[in-house]
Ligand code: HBI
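Okay, so here's just one chain, in structure tokens, the form predicted on its own.
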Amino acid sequence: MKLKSLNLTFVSTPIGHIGSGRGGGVELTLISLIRGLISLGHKITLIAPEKSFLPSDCSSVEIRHIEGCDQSSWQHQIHKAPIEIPMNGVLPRLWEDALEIGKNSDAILNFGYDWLPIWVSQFIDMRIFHLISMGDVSEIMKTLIQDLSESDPNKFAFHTYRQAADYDLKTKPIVVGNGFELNDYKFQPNGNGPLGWVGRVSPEKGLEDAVAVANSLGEKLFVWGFMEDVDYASKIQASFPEGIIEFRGFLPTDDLQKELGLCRALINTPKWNEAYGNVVVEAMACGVPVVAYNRGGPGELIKPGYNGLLVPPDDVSALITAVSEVKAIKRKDCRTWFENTASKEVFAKRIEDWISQYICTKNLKT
């Protein structure tokens, strides 16, 4: 059973405003889902940190801007780190507004990977859903998600089965993948371009391994992404000959896909379990095959020999060999996988089904 139309409240990540790049893949996920759900006829109100903005085709969405200090990301803390909310933090303010606005909503969807919204939802008589954006990076978060999923597992969804496996769930997880706007990515058939790498420039992304591959092959590596750790980037540059890396910065999707699509391969080198792997899909959308470590979400997205190649985690030698063999991958197959698996329409339908089925089931019980 499906509800005709939903009035949804989205609560954004508290670690940076939408458009800043600090939210990483969550920003892209949120915007794609908004586009997809609008096309299905649903109404959305977005609660987000001040300065947040959406593309022009999302003009029907009301954005409620909330002031406050950014929250630190859990992935940059030790696994046993305590809960910390800064003075004048934006996180509780986002949820003060969400719980008020949510009284007139069919459901609230939380995009923030943080303790407060998940913890408080067990005490609030509202339909609050959580799209979990990370694997096990925090003992507190892992325990909370595991505990609450036992009593109400259908309020949690994950991007991949590999991500969900980080949590000791008692029931089969709800896995929704992710979605992207097809028209934002142009297929580029030429496979003779440079090597590329995309991601936040920070240690858990493993940029140094990709640079080592390019250096071994005597090539330049083009790097796109938010410069999160300048010291880390400087150390990598100092470790390799000058000119091996070309930092291209954090680019809007339209500019990124034009440059990324020229690459003959994307190298993906995460040192942690990525929940999904947005950049992997963005590359495939342009027809660019991906060579990646068989770790986390990317290992679930890549079909070896069809849209990319997988190698054992942290095996740089295997990466070098795989990059040399990537020319056998048909770029059209990469685009086809993207269209069939990761469009915004496919993603939005999964989210719609998840929320609608929960609401319908609850309504039947009452």
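In this text, residue numbers run from 1 along the sequence as written. Note that the structure is a prediction, hence the values are computed from the model and not measured.
Form predicted in complex with 7,8-dihydrobiopterin (HBI): not shown, discussed below.
- From the list 99 to 107, 232 to 240, 113 to 121, 245 to 253, the contact stretch for 7,8-dihydrobiopterin (HBI) in the model of the complex under a 4.5 Å heavy atom rule is 113 to 121.
- This chain lacks the partner; the member of I174, V201, A285, M134 within 4.5 angstroms of 7,8-dihydrobiopterin (HBI) in the model of the complex by a non-hydrogen atom is M134.
- Though 7,8-dihydrobiopterin (HBI) is absent from this view, in the model of the complex it lies within 4.5 Å of a heavy atom of just one residue from N215, N154, S72, Q146, which is S72.
- Contact between I15 and 7,8-dihydrobiopterin (HBI) in the model of the complex is found at the 4.5 Å heavy atom cutoff.
- In the model of the complex, at least one heavy atom of V26 sits within 4.5 Å of 7,8-dihydrobiopterin (HBI).
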